[in-house]
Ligand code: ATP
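Starting off, we have a lone chain in the form predicted on its own, written out as structure tokens.
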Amino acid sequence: MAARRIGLQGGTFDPVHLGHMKAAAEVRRRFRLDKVLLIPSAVPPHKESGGTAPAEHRLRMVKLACRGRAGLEASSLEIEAGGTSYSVLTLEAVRRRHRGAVLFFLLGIDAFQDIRTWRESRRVLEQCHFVVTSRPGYDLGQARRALGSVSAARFVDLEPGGPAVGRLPRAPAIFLLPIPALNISSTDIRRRARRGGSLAGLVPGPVANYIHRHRLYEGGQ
């Protein structure tokens, strides 16, 4: 029996938006993942303390965004753990819960460029496959320069819109996946929400309703 394939998409999700959902769905399709876990951080390590919406709101929005989307699932793992959220600890926790599963860490090229600043980044890179997706305004090829001395053999270039990936390399690989990314940012969404603007086409409908109902970003960043 083939091992289960599970994707992990971490982040602040402040708020979760259609760009996150589109990337998760495309990676699930291309790698035949059983599911993708969208994992809101408790305390993001690279953001100022107090600069994000409360964790329970961010988790609830991810749950609303995943509703009705096959194979996409909100996870409270980091929020339940509390404290600063580090990927190395999250990966260990997922491995304990899903023993024997093949793990795929999903993130955009903008986030991947900072990977050497992560806690125990070399260990993180050895624990799972990475899927680095394109983002507007970024060159996907910059992923190679982000790691410096890491062997070029670790990187696998994929074609946009191609077929599902079957056989995987034995060693953890770094897949570079171009996707027709949406030019959406959580920062812009918060600004629009603060002004009372429409969030149509930026976040799933239930998430937009939740933001307006709870007045999440009024007076915020």
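Predicted model, so just to flag it, every value in this text is computed and none were measured. Residue indices: 1-based, along the sequence shown.
What follows is about the form predicted together with the ligand, which we do not show.
Taking non-hydrogen atoms only, residue 133 approaches the ligand to within 4.5 angstroms in the predicted bound form.
Proximity of residue 110 to the ligand in the predicted bound form: non-hydrogen atoms within 4.5 Å are present.
Using a 4.5 Å cutoff between non-hydrogen atoms, residue 30 does not count as a contact of the ligand in the predicted bound form. Proximity of residue 11 to the ligand in the predicted bound form: non-hydrogen atoms within 4.5 Å are present. The contact with the ligand in the predicted bound form, taken as any heavy atom within 4.5 Å, belongs to 182 out of 176, 193, 55, 182. In short, of 91-99, 68-76, 120-128, 133-141 it is 133-141 that has heavy atoms within 4.5 Å of the ligand in the predicted bound form. The partner is not shown here, and in the predicted bound form the stretch 197-216 never reaches within 4.5 angstroms of the ligand through any heavy atom.
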